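Just the one chain here, the form predicted on its own, laid out as C-alpha cells.
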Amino acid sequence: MKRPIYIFSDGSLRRKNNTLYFESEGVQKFIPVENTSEIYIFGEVELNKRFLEFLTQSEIILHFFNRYGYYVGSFYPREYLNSGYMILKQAEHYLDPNKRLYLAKAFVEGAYKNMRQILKYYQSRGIDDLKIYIEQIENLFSKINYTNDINSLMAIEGNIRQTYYSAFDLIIDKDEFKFEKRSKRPPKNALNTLISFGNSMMYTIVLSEIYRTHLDPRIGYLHATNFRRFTLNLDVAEIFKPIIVDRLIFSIISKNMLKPEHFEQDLEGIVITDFAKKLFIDELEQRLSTTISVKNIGNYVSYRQLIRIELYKIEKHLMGEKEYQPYVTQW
C-alpha cells in the first residue's frame, strides 16, 4: 500500500537507480517509489528537473510548506486520469449560477453540520455552556435558505466558523491554549498555529485525493475559480476540517502531548517547532487510517477513503447520476 513521505530535514532529493533518493548531512536514504503516494517537504530541499520528470512518470505529487507550516505550493504532475468530459461538466456547473450555488451550499451545509456535531458531542460530555454556541450557529445557518449569491454564502460560512472557533476555549479549557480570536499568516498564539497547520495539511490531503479521480482541482464552487491554482480542494476540505483536524487538536492538547515549549515566538507571530509538526502529522496519519462505519456504504472505511468517496459523489452529481449530499458524521 502506498503511503505519504514527510521530509523535515534540509538536503537534496533526486532520482537514483530508478527510485527516489534523499541525502542530508550524514543521512542517505532510498525511498521506494512504488510505495510512495505523495511527498511533503518542510525542510530546505534541492531537486532537479530529472527528479520532477520521474515524479510525473510515477504519479507522485510534491507538496511544499514554509517554516511556519503554511502550504506554499505543489508540483502537480500531469493528470493521468484527466477527463475532458469531466472538465466540461465541472465548468458547466460553475458557469450556471444555480448549479454552482447548489454545490457551494452543499459544502457549507456539510461543514456546518459537522461543526454542530462536534459541539453537541462535547455538550453531551458535560460542557453545558456550549448550548449558546450551538444555537448561534443554528441561527446563522438558517439564513442560508434566503441566500442567492456566493459572497453572502461565504459570509454566513465565515460567521459560523468564527462562532464555532470561539467555543474552543470551553472545550480545551487550558490557559496556555486560548483561542482569543482567529489569527493567521502568521498566527498570534499556539492554538491558532495548530489550527492553521492542520488546515494546511487538510487542503493538501484533499488535493492528493483529487489527483486520483477525474476531477480538476482548479474548478471549485464555494471558493471562486480564478487565477489561484486550486480551489476544489478548499471546498471539500471544509467538510472534513471539523471531524479530522479539530478533533485531533482537542485530543493532542487534552493528552498533554503538546506544550507551550513546542511553539516559538517569531518576529511577527508564533511558529510551530519541527517536533510539534512531526507529532501532529503522526497523529493525523493515525486518524486518517482509522476506520469507521458509514451509513449507505455498508462497510467500514478509513477517513482517507471517506474523502475519496466524497469526491466520487461529486463526480456522480456532475454527471447527473445522483444529487450530491455532503458527508455528515453520525456521532
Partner chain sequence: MEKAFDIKGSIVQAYIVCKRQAWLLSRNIGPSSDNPFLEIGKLISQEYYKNDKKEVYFDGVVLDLIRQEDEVLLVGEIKRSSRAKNAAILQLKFYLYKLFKNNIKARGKLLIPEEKKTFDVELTTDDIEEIETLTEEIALFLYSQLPPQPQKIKACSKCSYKEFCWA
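These numbers were taken from a predicted model, which means no experiment stands behind them. Residue numbers count along the first chain shown, from 1.
What follows is about the form predicted together with its partner chain, which we do not show.
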| item | value |
| --- | --- |
| Interface stretch in the model of the complex with its partner chain - options 257 to 265, 208 to 216, 187 to 195, 233 to 241, non-hydrogen atom within 4.5 Å | 208 to 216 |
| Partner contact for Lys316 in the model of the complex: its partner chain, 4.5 angstroms, heavy atom | yes |
| Heavy atom of Lys2 within 4.5 Å of its partner chain in the model of the complex | yes |
| Met86: touches its partner chain in the model of the complex, heavy atom cutoff 4.5 angstroms | yes |
| Touches its partner chain in the model of the complex: Arg308 (any heavy atom, 4.5 Å) | yes |
| Residue among Ser124, Asn82, Gln162, Asn139 with a heavy atom within 4.5 Å of its partner chain in the model of the complex | Asn82 |
| Heavy atom within 4.5 Å of its partner chain in the model of the complex - qualifying residues of 110 to 140 | none |
